[in-house]
Ligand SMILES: NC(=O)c1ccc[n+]([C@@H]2O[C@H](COP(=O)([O-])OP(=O)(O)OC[C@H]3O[C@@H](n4cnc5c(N)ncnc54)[C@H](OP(=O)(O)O)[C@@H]3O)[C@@H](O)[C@H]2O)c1
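Shown next as structure tokens: one chain only, the form predicted on its own.
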Amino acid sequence: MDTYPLGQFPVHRIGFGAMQLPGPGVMGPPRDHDEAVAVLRRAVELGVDHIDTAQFYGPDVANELIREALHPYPEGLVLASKVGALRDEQGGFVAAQRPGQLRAAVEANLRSLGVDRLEVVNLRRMDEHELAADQLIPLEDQLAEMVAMRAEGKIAGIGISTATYAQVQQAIEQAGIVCVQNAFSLVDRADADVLDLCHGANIAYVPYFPLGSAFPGMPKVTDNAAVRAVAERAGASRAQVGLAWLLARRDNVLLIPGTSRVAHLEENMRIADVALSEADMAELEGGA
């Protein structure tokens, strides 16, 4: 697989996202604990050297599974987490945007993963229209706390997630961020300007919802007619084509497809073998 720098760490462009390891709704233990552990170990065997996680996946569950499956961690494995949210008892996401909460979340990740430093921590911004007054924190203050933790050696690289173009620019200037995690896919290219900004600044871009929104009734890459046609010609699955399109779109794109099944993991890892021609790319971009 090709590599791209995630800050100071060159990583393969297909990594692994741990969000699907916990139970339904990203809450509680996995449906099959042994399979979840096997997925993580198989991912590393197949060349994954970038695992994306969060303390609020479970909560606590994803990190505990990663530690059980892989600690002591193989040399070169990059662990990326995110802070800015907690979970309530019903499984909802609760804002935790204050600088002290960001620090507490980093400390919790360090403890649960059994490390002294996280290679990357993403500041997960939340919709300001849905935040209580005490959670309306200026980005400048949040980034200052992240920079302080980097100076203390708790974080090697800072990222930002769910951020606007202006916020990404500010994060580049104030914090020297190493990655951006925003929604982007063949059927949702609204963030193309941020992707281009990151490409020009040599910053990794890690798309979430890479196959379209996870919400019911929203466009899905696998339902797209052009994707179906290209997949049939290429002898690949529709999901593989949608993800291969992302890899071909820009060389700073890093994928973190997640799953709780070994067979699905192996299918995702074969994305690197899907070669899209210029005609395929034109058909996909024109048909979405």
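Residue numbers run from 1 along the displayed sequence. Please read these numbers as outputs of a predicted model, since none were measured by experiment.
One more form of this protein, predicted together with the ligand, exists but is not displayed; see below.
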- Task: May I ask you to state whether W245 is within 4.5 Å of the ligand in the predicted bound form, using heavy atom distances?
- Result: no
Worksheet entry | K82 within 4.5 Å of the ligand in the predicted bound form, heavy atoms | yes
>> Just checking whether T162 would be counted as a contact of the ligand in the predicted bound form - the rule being heavy atoms within 4.5 angstroms.
In response: yes
- Message: Test of understanding: in the predicted bound form, would V48 fall inside 4.5 Å of the ligand by heavy atoms?
- Response: no
Within 4.5 Å of the ligand in the predicted bound form, heavy atom basis, the matching stretch of 95-103, 134-142, 209-217, 195-203 is 209-217
Interface check vs the ligand in the predicted bound form: of A231, I256, L40, V253, the one with a heavy atom inside 4.5 Å is I256
In sequence order, the residues of 4-19 that place a heavy atom within 4.5 Å of the ligand in the predicted bound form are G17, A18, M19
